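Okay, here we've got a single chain as structure tokens, the form predicted alone, with questions on binding and movement later.
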């Protein structure tokens, strides 16, 4: 790791004629790549392109602190403009990537065409919308800072809301609604709430939280139609019932932003397919929510939508481009806070393996649990025990 002064001197040596490296996507993963490249000694030009009009920001606080009104938008910023300047980047915002030409090593955006020596795709993902509701003003989604601020404003003065999707984002939104005193109804085609990586082990615990806080649950149903009225919105469901609220929030997952890669020749089925170094094709890399990395331990290629994976992949790709050195394979991780319960998850809990309690007790609502198969720990979860969870992470390396 080199000093800031060394980095500044190296950046001054960049040739203006050298196309250098282009990062498409001013996401956390994209910015982490740039930081890693400079820290590892990369001296060539770096161009960072962002589709949003904001500086790069952290997404996890959007459904937590921002939606609850505890943070302002600027508090989500990853770094200041001055910090970005120290990296020696050509940084453009409010600019969409439109086409990648691998043969000519060029990427076309809404405002320019950029040549590159290496390209990093960090375009993230877009929210999946409920068909037919795209233009309905009372139907909200939550993916960007603008989404969060718009939804927060919409919550003022209302008493009821419908949340479509009982996954982690839907659960966090329902939790925030409770803080506003808003009565929530949740709809999901699955039979129970689902948290990622947990193998269904916590479905009943999350459902109990919903019931405890007065949430009406509609599981195992499809939405037949949606009708927007002047004062609310109504969902007709496959069981013949109707559900209404003053607004609705759709939280049914995300779609990787790969449209501009349609004619590139890359494998973009469920994200950009990469090897274990993030390499999708010679001189083409992908990181973050848009990337589907191969895991040499499991033999599977997975797209991971969480902040920790975005950071780890960004660090790994920056290091690999700058030094040629690979980084160790890491475990997927996510965290959430639902109705005041802090949940930390590392690895994958196996659905068909009973939980082993490592610390605390589920009856006390404070515990660390794991699934262990043939002496190998596949996943660890901490429920309101963050310190003990951190201590237990070593089980994944045993």
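Computed from a prediction, not measured in an experiment: that's the story for all the values here. Residue numbers count along the first chain shown, from 1.
What comes next is about the form predicted in complex with a small molecule, which is not displayed.
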**Message:** Under a 4.5 angstroms heavy atom criterion, identify the one residue in 201, 183, 143, 152 near the small molecule in the predicted complex.
**Reply:** 143
**Request:** Please pick, from 46, 358, 62, 349, the one residue with any non-hydrogen atom lying within 4.5 angstroms of the small molecule in the predicted complex.
**Result:** 62
**Message:** Can you tell me which of 243 to 251, 306 to 314, 274 to 282, 112 to 120 lies within 4.5 Å of the small molecule in the predicted complex, counting heavy atoms only?
**Reply:** 306 to 314
**Prompt:** With the cut-off set at 4.5 Å between non-hydrogen atoms, does residue 193 touch the small molecule in the predicted complex?
**Reply:** no
**Request:** Determine whether any heavy atom of residue 76 comes within 4.5 Å of a heavy atom of the small molecule in the predicted complex, and answer yes or no.
**Result:** no
**Item:** residue 178 within 4.5 Å of the small molecule in the predicted complex, heavy atoms
**Value:** no
**Request:** With heavy atoms only and a cut-off of 4.5 Å, decide whether residue 260 touches the small molecule in the predicted complex.
**Result:** yes
**Asked** Each of 26, 97 and 125 near the small molecule in the predicted complex, meaning some heavy atom within 4.5 Å?
**Response** yes
